[in-house]
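Starting off, we have a lone chain in the form predicted alone, written out as structure tokens.
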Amino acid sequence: MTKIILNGREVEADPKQPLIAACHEHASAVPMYCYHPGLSPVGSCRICQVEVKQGETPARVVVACRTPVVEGMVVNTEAPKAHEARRQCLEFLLKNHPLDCPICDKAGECDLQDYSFAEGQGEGRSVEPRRKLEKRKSLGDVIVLDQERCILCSRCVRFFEEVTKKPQLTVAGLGSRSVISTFADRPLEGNYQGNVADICPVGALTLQSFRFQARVWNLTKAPSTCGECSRGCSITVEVLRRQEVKRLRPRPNPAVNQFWMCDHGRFSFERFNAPGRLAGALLRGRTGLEAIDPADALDEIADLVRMHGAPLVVASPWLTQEEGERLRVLGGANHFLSPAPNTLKDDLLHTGDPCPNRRGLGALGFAPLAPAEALERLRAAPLALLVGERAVELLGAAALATLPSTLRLVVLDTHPLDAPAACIEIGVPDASERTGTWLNLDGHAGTLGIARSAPAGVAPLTRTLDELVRRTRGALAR
């Protein structure tokens, strides 16, 4: 490590990282547009200027993203000359930027707004009209571009060049005619397009699915983990007024997903908003499934265990470690559903394995079971527990409807199942409504966070399983 003087105090900095990284690491606010810690620095926006003094040379203002760390350098991020240089850059950037903050999706989390306020740059001196550029330009089925908002930071260009290794964007034109464009106006493609909307600092690149859907200050944000493959990317779940999940975005995690996530995971939030949730419990009676108190449903399950012995347990691969530890006590044979790999596997993040907790459940003693094989095991079992969100989805409601009525099938899932074999059903929280841990394919623990409340009458699955274990302890001991 290299020692430098930063705003009057001695700190240690990584010589392999640019000066701006050292400033941010030690809580010194330095603005940035073109710089991103996951991309190569280019120093094009000039907003990250700080005052630096080395040895006997006079102090000078430099861009922090392109300045290497040198032993003994004295850095002042709050120098008047640095602030004046930033204000000049902001005045230049705001010369052509439209005044459409009230309708911009980036409003509330826009760096251009924040830095203009922080630097006190509230007016411009030029009287020439702003340049006219294309608005609402579709770049494919994911991204919409507002060219007039773009400040040409080139983050999006570098993302495709350096992260996906498939260049798709470029800075076209010269001087004042420069714009971001795709090659030959071809639409963007690939499973990582949504990341350019995340890294765009000013709202020039926006998600088609999120445009005009919510104001960011109305979103409740909770750290969580993506469950669409065994990579387990760290994400943030964003909920509109604590009800509807509106957006999933990547959360920095150097050990797992860096700063990125795939579009398959990003747009999987719609499953959280599926209607018809199972709240409370259902018991099959003479007229079909009838509502019952969840405590009474647990008593009914305990009676079935005392009658038939330890059940066949078929768990969802979305089960957490904490839920699996409780569930394995109940079963004579414990399995988790293991669907076939999909075609989304790539060299960046997506593993093609749709089981987010395969490694964790395997460590708990759950054996993988293909959906077709699971159906055959269920046909031959007198009593079975189908447990966890999306378990019914993986097996298929139509296939489950063909199971014999002699099977006593207990279902713990987010949505009800209309099948003759299903005798007791209890609602459970989905991944946006519960806490827990998934182990990804490399053994890294990904934590789920509660972004919203579960429907009324739905208890945490860990609590439900604890109650069920308590009720069946005597029957399982025999």
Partner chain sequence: MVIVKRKELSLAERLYLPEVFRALSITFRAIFKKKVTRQYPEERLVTTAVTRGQPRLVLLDDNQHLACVSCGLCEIACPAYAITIDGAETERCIEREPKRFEIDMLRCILCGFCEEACPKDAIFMSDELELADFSRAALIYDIEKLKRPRAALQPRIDYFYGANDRWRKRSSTS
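Everything quoted here is computed from the prediction, not taken from an experiment. Numbering follows the first chain given and starts at 1.
Below, we turn to the form predicted together with its partner chain, even though it does not appear here.
- For a residue to qualify, one of its non-hydrogen atoms must sit within 4.5 Å of its partner chain in the predicted bound form; none of 51, 86 and 117 qualifies.
- Although the partner is absent from this view, residue 274 stays clear of its partner chain in the predicted bound form, with no non-hydrogen atom inside 4.5 angstroms.
- Proximity of residue 105 to its partner chain in the predicted bound form: non-hydrogen atoms within 4.5 Å are present.
- With a 4.5 Å cutoff on heavy atoms, residue 238 does not count as touching its partner chain in the predicted bound form; it lies far away.
- Looking at residue 178, you'd find every heavy atom of it more than 4.5 angstroms from its partner chain in the predicted bound form.
- Only one of 308 to 316, 374 to 382, 333 to 341, 96 to 104 lies within 4.5 Å of its partner chain in the predicted bound form by heavy atoms, and it is 96 to 104.
- With the partner omitted from this view, the residue of 123, 185, 290, 293 that lies near its partner chain in the predicted bound form is 123 [heavy atom within 4.5 Å].
- This chain appears without its partner; in the predicted bound form, the one residue of 249, 328, 135, 221 with a heavy atom within 4.5 Å of its partner chain is 135.
- Looking at 194 to 212, the residues that come within 4.5 Å of its partner chain in the predicted bound form, counting any heavy atom, are 211, 212.
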